[in-house]
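We've got the same protein chain twice here, in two forms, each standing alone as structure tokens: structure 1 and structure 2.
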Structure 1
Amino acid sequence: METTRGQTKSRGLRGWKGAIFLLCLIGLWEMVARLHLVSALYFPPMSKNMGVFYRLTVDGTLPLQVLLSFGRMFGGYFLAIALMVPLGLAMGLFRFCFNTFEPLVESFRPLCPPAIIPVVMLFLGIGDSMKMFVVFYACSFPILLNTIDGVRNVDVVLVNTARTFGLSRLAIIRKVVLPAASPQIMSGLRISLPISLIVVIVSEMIGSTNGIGHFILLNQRTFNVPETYAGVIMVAMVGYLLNRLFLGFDRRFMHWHRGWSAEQAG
């Protein structure tokens, strides 16, 4: 009892302390910049950055860039889900599929995603399809490997029970294997979401004429420093929100799993 009370007490304090620390950091930033301890060329005061951020958000520049990046990012991300979850299911279920594809997967896996950008640029130019493909490549491995793992770790007893009740193969996959593997499939999706954001920014920095990654790098190269910071603030917010969004999604659609496993444990 005592511990719970202590926790609730500290929870009230926690947000408070943390917020003060954050505000102090921003205040320190502001002071260092205003006193010109660091060249204002690199380090504009935070108030100025936030002002530019506000202006660029209200006039639609930053939201537009983010939307462009989102289009590419989710294009590649959903393509990876659409292709890799079924492939993972097949590889997890059928030994033949696994034996055929696993070595190819393993030989491409050490090749890190940004390294394929130059090749993809040769074939697809610097348009949207290039970025979508690179995102697709980057997301494929976590999704595929987690799906295979999830399917392989399905309790054999479950499958045999379903078989005993005379369920068809398709029904077993749909009603037993897929639900049982879904927590791990979801964890693959969660891992690859931040990866897709990183990769889309990288490919926009390397070959693009718009998008948030291009926006940041272009403004740095033309020494529009507050605009650069504004772009980075935007990216930070997007990263934070994506994370939150996915956690909310996961909680909503996978809560049956959590409830169930908690019951098992308790």
Structure 2
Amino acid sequence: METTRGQTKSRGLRGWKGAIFLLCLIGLWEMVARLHLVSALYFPPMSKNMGVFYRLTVDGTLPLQVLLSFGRMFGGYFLAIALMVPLGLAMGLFRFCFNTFEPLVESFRPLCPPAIIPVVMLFLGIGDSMKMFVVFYACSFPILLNTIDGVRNVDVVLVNTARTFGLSRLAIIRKVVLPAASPQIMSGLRISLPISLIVVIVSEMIGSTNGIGHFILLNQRTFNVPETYAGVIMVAMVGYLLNRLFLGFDRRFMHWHRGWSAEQAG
């Protein structure tokens, strides 16, 4: 109990230190802009940027753009989960599947997602399907590779014990392999989540008529600098909140693993 309280207190202190550091950076920005040490056209005071951010949030402009981006982002993200986790299980368990798909995976994995956008636009246009496919492509490899490694790192003793008790292959996968590999699978999901946000913004900047990426680029091109910064601030806040929500989800559904790891360490 005391250890848990100490860990909670330590996390709280780290959070306060981070918040104080961020406030110092904002104060430095404000001071530099107010003293006209840089051009106000490109570097408006943070107070002005935050005022525009508040106005665009209250009138619904920024939330609407974020919701449009979320639809594309989560469409591609969950499609990657639905396809790559089963494929990773198959490649980790069966040598034939690994030998069949591994050359294809290693051929496409080094290709960065923005590079495929022009090609995808030829087939899917600039609609939502294009953005969802690019997000799916970007998220697939972290999820797939982490799933493969998680399956391959499952303790053989656990699998052999399950066989001794007469469990079928499907039951072993469901009750032994998948739970044992789930921490690494979750790592792949967490890595892919910010990637999905980055990629959907890039795809909206290249080919879109709405979304938060299009909003930022449009205001940058028309020299609406405070509006541009407001869009960037919204993206930063959304990225932070998504990460915190995922960590909360992970703590809730993977608490058994942390308890087991602590017991093993003890």
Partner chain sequence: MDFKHHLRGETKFTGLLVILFFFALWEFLSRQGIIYTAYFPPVTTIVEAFVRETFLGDRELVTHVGFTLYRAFAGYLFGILIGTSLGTVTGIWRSLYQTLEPTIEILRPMPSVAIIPIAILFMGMGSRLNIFIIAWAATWPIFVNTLDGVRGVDLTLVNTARTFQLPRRAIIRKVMIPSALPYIISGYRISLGTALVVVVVTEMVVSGSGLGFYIMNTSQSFRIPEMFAGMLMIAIVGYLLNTLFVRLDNHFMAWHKRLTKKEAV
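What we label the rigid core is the largest C-alpha set whose atoms superpose within 1.5 Å from one form to the other. Keep in mind that this is a model prediction, so the values were computed, not measured. Structure 1 provides the reference sequence; residues are numbered from 1 along it.
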Here are two forms of the same chain; which is the form predicted in complex with the partner chain?
1
Aligning on the rigid core, one finds that Gly27 shifts at its CA between structure 1 and structure 2, in Å, by 2.9
